[in-house]
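One chain is shown next in structure tokens, namely the form predicted alone.
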Amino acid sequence: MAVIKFEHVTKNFGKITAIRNVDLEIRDKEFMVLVGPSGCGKSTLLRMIAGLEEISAGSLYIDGQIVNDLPPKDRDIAIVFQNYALYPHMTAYDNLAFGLKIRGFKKSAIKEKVLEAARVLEIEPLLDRKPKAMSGGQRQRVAIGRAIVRDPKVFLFDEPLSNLDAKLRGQMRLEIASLHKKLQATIVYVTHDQVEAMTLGDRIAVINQGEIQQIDTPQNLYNFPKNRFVAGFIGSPPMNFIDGVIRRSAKGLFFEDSSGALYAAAPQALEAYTCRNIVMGIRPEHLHVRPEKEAERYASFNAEVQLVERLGHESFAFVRLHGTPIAARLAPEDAPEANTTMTLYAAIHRMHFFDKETGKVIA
């Protein structure tokens, strides 16, 4: 059982706190993705699992054993780095075999493990090549193969696709997801790319400034973000945010934007926030040129179109609503022309509302 558990873990670099009181349990055979902006602490968490960074406070368990002081070589983990970290003077075969050789495996066992990993990753034709004769994607496969042959309890991936071009990243994502199904291994995967996180993770831990903001499945993070940071980080393009205040009228509660010009019906859950500043969030794909058929209530508003990106299968309209920049994901036939005014509709049940001071979701 390759269960990893952080209990109140903190990591300090001098006076700087990189990780602050983190509690996290990664389940056996789970694909856990750690995601967040650069410098948020996700790679530091990964390196603590690997034993490459000491823990300043708290406890780290692997399979129920506390490993705070256990050397990396005794943790039964394998790590795949961003820069591949292959030996340039060795062939792919020798790179795959090296770790097994120093651990005293017999030649026959080494050959069996290397050929099996090469078969799984479809790199048999590369075994006689050195890294300089391989593409970036091929080098990454060899680096992953080197981890596979060790048959560890835990695989650690530290932004392994960030050096690849967009097309190859998409292909490698599929291969890593397929590999997880074949190996049934515990994988901890670090990335700053939320699209990567959403497509790969069984669960995702969203991290900001050394603290875990939310841990959940990709769909729950998207549909039910716990705070404004998660709402803005998950989704591409990110969620639109509009500052405003809750007002009361004879017809009920309304959201009024900071210019005083936009009114939208607000849910009753916001009654306690009457006359208080809040933030309304709406995703670009939940803005339409006509009301949703299934929506009982919706808000409509006019916006000034500044730029339109036509991508063939979809279009993005970048507009300004009373000075606030907004993005709308539209069908190609609904795309407006730049420098015009368009009407957009948003269903009330698609809106998110956040406390302006704390950033926490309120409805």
Partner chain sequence: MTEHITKRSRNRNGLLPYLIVSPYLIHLLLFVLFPVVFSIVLTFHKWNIISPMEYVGLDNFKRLIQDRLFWKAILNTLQFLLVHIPLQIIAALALAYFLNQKIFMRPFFRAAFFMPVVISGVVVTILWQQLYGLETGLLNRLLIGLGLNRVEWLSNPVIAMISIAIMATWKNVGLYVILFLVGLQAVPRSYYEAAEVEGATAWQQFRYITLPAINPTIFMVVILSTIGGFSLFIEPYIMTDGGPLNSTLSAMLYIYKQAFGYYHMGYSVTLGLFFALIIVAVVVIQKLAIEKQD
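Note that the structure is predicted; figures quoted are calculated from it, not measured. Residue numbers count along the first chain shown, from 1.
In what follows, reference is made to the form predicted together with its partner chain, a form of this protein that is not presented.
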### Task
Would you kindly say which of Arg329, Arg27, Arg47, His322 lies with a heavy atom within 4.5 Å of its partner chain in the predicted complex?
Arg47
### Message
Please identify the residue among Arg150, Lys153, His192, Lys226 with any heavy atom within 4.5 Å of its partner chain in the predicted complex.
### Response
Arg150
### Query
Among 237 to 245, 92 to 100, 117 to 125, 270 to 278, which stretch has residues with heavy atoms no more than 4.5 Å from its partner chain in the predicted complex?
92 to 100
### Query
Is Ile66 close enough to its partner chain in the predicted complex to count, meaning some heavy atom within 4.5 Å?
no
### Non-hydrogen atom contact His286 with its partner chain in the predicted complex at 4.5 angstroms
no
### Message
Can you tell me if Ala85 lies within 4.5 angstroms of its partner chain in the predicted complex, counting non-hydrogen atoms only?
### Response
yes
### Task
Could you confirm whether Lys73 comes within 4.5 Å of its partner chain in the predicted complex, counting heavy atoms only?
yes
